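Here we start with a single chain on its own, the form predicted alone, put down as structure tokens.
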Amino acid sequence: MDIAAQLTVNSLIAGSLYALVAMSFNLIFGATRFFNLAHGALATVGAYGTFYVGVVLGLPLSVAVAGGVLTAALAGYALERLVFRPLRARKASNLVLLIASLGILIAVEAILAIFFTSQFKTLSVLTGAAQTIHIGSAVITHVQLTMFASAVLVCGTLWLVLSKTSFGRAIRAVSDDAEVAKIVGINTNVIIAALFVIGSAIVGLSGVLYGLDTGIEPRLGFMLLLKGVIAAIVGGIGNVYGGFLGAFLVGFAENFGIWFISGEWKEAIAFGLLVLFLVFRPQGILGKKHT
């Protein structure tokens, strides 16, 4: 097997997963301007939602995936409506919002551990034996191919919505200046709530796909969040398309980096790339504009 070909495929798989997290994170950050650490918890909620619907209730894979994504979207809306909106109304600082989101992340992980235990669980009963596709000398599973297709489809859909619709123009207005958007008659609370629903559904999908590919445990959202935030910053914080590009850069850097050094350094490579961008190009690949 040509190791370069397999590393390229592995990089695309990792980049696709990070892209879903980074794009959804940047979508919400662009309008709210705070680091929502609870975003990672929604990936875990989506994964466990799929586990409950598909494994516990025994429903088909398509219903389980839809259930997981919907659960994450509803959880994201609930967090925005019950926690973050009241804090914004009280003019809470970004530090307060950050701490609140961290508390939610920790609480969600604990609640999931209580209900489902902290043991690693697989979703292989939903997908059956891993079916593989050979691309030259490289091998990829159907779930991994779905990851890549999902990342590309989500990016394309967001581009269409943000660029070609009145809803997208309202999102850009809120992202540019929420106060001015209010003056011209845009209901910023509705727009932000919608962004939380959309962003939570996307990150929930990332958790579902990760679970189908690897398995689930209560801390999976935190691990995905770390890589997603790195990708978001590398691509350009608040820039949806920058997050997409940054995710694949991180994926390629990680996987090709361990070609030359020990695999134990994989995490360090991602953070090393982050440090390089923060020092030499803090605005990221595409800068900080939302679109």
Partner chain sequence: MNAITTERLRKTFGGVAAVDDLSIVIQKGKIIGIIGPNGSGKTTLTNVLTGIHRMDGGVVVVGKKERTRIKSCEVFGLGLTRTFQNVRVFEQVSVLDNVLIAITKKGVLGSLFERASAAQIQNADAVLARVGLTEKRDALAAELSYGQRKLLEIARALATDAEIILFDEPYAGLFPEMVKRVSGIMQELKAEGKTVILIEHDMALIRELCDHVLVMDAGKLLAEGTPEAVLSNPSVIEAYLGV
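Positions refer to the first chain, counted from 1. Keep in mind that this is a model prediction, so the values were computed, not measured.
One more form of this protein, predicted together with its partner chain, exists but is not displayed; see below.
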Self-check item: Among 178-186, 199-207, 104-112, 136-144, the region lying within 4.5 Å of its partner chain in the model of the complex by heavy atom distance
Solution: 178-186
Exercise. Have a look at V190, L95, A149, V125 for me and say which one sits with a heavy atom within 4.5 Å of its partner chain in the model of the complex.
Key: V190
Quiz item: Given that its partner chain is left out here, which of R88, R81, R172, R219 has a heavy atom within 4.5 Å of it in the model of the complex?
Solution: R172
Quiz item: If you check in the model of the complex, is A194 within 4.5 Å of its partner chain, heavy atoms only?
Solution: yes
Quiz item: Taking heavy atoms and a 4.5 Å cut-off, does S166 contact its partner chain in the model of the complex?
Solution: yes
Quiz item: For I99, is any heavy atom within 4.5 Å of its partner chain in the model of the complex, or not?
Solution: no
Quiz prompt | L74 within 4.5 Å of its partner chain in the model of the complex, heavy atoms | solution = no
